[in-house]
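First, one chain by itself: the form predicted alone, in structure tokens.
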């Protein structure tokens, strides 16, 4: 039992939850390593949503609302951390949800789908096809899902698939705590924030944006500048960390 007055209570709770998800086969062991790496970057940004991330989240919501066929791509980490939040974002954006995994098995896909559905997510199902120019199973997509999407939200993504999605003409929204990662650099729009903060913020913006604001927000950003702003905010926090 983790005492609620522990200074790292939420962080330790999340770790315990992810460990259970790994034991249940929802999360891969490699996913635990990825979470630890992301948590280290979350320390650098102060474990809160930066101003640059808020701007990116507003733009991301607008891109989903403008899209003809938006899809949220979900892996094991995202499902374990944010299944309920994904359900709310799906409702607010009318996006489809597809499970896409690097360490893919039919059993693991089924377990993640069941978890999402238990939280109210409508998950696309079908027979995936190798639709992306990749040699691993991230290339497998549903033709009526990621295969035909114009906008794809990829939380906690692999950089090579992000590049592949961009190369085949998709608008790619990434959620990545590392502003210098391949994914962050490659995506059309990068949100430098933790996924359990970013997805609810996107949902809030989907519900709050007026119709006349949507197009302006969807086009009025420059991803490199958002990344530069995120790095500047991190630098500023580090400069004052011991003040």
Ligand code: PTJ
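Worth saying up front: this structure is predicted, and the values here are computed from it rather than measured. Positions refer to the first chain, counted from 1.
There is another form of the same protein, the form predicted in complex with this ligand; it is not shown, and what comes next is about it.
The candidate stretches are 85-93, 151-159, 123-131, 165-173, and the one lying within 4.5 Å of this ligand in the model of the complex by heavy atoms is 151-159. A residue is said to contact a partner when one of its heavy atoms sits within 4.5 Å of a partner heavy atom; residue 200 fails this definition for this ligand in the model of the complex, lying far away. Although the partner is absent here, residue 136 lies well away from this ligand in the model of the complex, with no heavy atom inside 4.5 Å. Among heavy atoms of residue 101, some come within 4.5 Å of this ligand in the model of the complex. Taking the partner from elsewhere, residue 111 is found to have every heavy atom lying beyond 4.5 Å of this ligand in the model of the complex.
Between this ligand and the residues 97, 81, 115, 142, the one pair within 4.5 Å by heavy atoms in the model of the complex involves 81. Residue-level contacts in the model of the complex: of 195, 50, 217, 189, one residue has a heavy atom within 4.5 Å of this ligand, and it is 195.
Residues from 39-70 that approach this ligand in the model of the complex with a non-hydrogen atom within 4.5 Å are limited to 41.
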